[in-house]
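For reference, the chain that follows is the form predicted on its own, supplied as structure tokens.
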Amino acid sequence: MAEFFDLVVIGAGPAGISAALTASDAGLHVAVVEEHFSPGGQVWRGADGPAARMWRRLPGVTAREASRFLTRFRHSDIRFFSQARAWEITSSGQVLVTDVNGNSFTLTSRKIVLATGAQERTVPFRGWTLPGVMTVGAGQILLKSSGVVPREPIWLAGQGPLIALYAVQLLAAGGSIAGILQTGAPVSWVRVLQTLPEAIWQCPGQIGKGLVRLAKIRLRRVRIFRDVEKIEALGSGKLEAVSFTDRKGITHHVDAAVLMVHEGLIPGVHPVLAAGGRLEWDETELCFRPILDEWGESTVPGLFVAGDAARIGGADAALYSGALAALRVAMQTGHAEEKALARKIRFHRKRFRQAMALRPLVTTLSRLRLEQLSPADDVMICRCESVNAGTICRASLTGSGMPDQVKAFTRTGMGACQGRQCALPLSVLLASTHNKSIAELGLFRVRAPFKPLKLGELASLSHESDIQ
């Protein structure tokens, strides 16, 4: 039997919790759907887990802020569906969900907020599918939720602030790091000088924390290789070594048990695409993001996107974007008038702008090297269906060369991850092959279910309205 709500929020990270609490305070009947057993998302992952005591001591953890929001959430009247996967959003505002027992059901809502967060950018290279190679974000989840410190030697590779944050957290948890391979493009110091004053003015605390993290890494004498290229993970059946070329053109071959890679965060756009929302190409961030209005409402009426799923900005920006989306929902559903909410709207908009002021500086300091997006023919692009770059390029030469056709020819994006990892690398590869812009090509079509779904779970939809 379908349940009815004023607002269904998908995702219980900072953006989702902020949206749900704000809407609930305004008198809306709210439900939150979350895949994990507890709220908090990736940012506050570990606050309730078995390693909670260690989590509170990790650098960069905002335990007090997390506790404040999570306590309010638990004591609210918000309906919380934990360990539940949302896998379809219909045009009539229904959210189809499967719980941990494999039972599927429908939530009907007047409005929906997608707060499903970001994903780490996939940049395929030789050996990236070997056991022992993982993303920095995955390593951080293991550390925060279970206190897992990988076996040594550990190498970190990529660019972006998450690498420095994870490095100091790993060191604080008793781990050691063999070295950091920085792969980012050369920094434009003119652009740094243009973006630095606003970042210092609006976010001095964040810049200070970043500098302290870099100092801690240097004090622990972690080796850092800059302008690294041609990274390869080597091994037979598992990772055994890493090779790379440094800024002087010297090729290194080092032993490795774990290689963690991170080439930045991009919005997770699959749910928006599956719901029929439109995307736009962000040339600065080199990713697609949903087309939204100033409140976060997408091109699908009634469907809002908040937090890093809309635009990468971090936890602070996510809190304020979630609140703004909920305030708009409260007005649209008749629970409040804009005049009565004017003060809250001004507050959240001001804080959101402040939180986002750091982003141009971060993007300038950690920009992807474009040649990384053109892998060799033997490099795996779709690990679920074992499709490499050469197969994709050959398939693109027979027919239109558009992402949907290449997907149909090669099965790229038809595996367990539903194309979340390979959709952007595929479009980038096709754009390079046919000398077209990525914005023109777009991503291949995404349809429900946008999360893996078993036939038994689909069959468990028993009510007539659910089946329709």
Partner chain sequence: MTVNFFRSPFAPPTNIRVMVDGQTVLALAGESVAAILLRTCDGPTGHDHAGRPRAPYCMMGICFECVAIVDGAASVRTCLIPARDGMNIQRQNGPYPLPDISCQGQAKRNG
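Residue numbers count along the first chain shown, from 1. In this text, all values refer to a predicted model and were calculated from it rather than measured experimentally.
One more form of this protein exists, namely the form predicted in complex with the partner chain; it is left out here, but the text below deals with it.
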Query raised in the report: Of A241, A357, I291, L142, which one comes within 4.5 Å of the partner chain in the model of the complex, counting heavy atoms only?
Result: L142
Report summary line: The one residue among L365, A172, L196, V212 placing a heavy atom within 4.5 Å of the partner chain in the model of the complex is A172
Query raised in the report: Does C287 reach the partner chain in the model of the complex, with heavy atoms at most 4.5 Å apart?
Result: no
Query raised in the report: Could you tell me if E385 has a non-hydrogen atom within 4.5 Å of the partner chain in the model of the complex?
Result: yes
**Report entry** Partner proximity in the model of the complex: R68 to the partner chain, non-hydrogen atom cutoff 4.5 Å
**Finding:** no
Report task. Would you check, heavy atoms only and a 4.5 Å threshold, whether G276 touches the partner chain in the model of the complex? Result -> no
Query raised in the report: Looking at the partner chain in the model of the complex, is some heavy atom of each of L397, F409 and P449 within 4.5 Å of it?
Result: no
Requested in this report: Considering the partner chain in the model of the complex, find the one stretch among 81-89, 371-379, 315-323, 106-114 with heavy atoms no farther than 4.5 Å from it.
Outcome: 81-89
Query raised in the report: Considering only 148-166, what residues come within 4.5 Å of the partner chain in the model of the complex, judged by heavy atoms?
Result: V148, V149, P150, R151
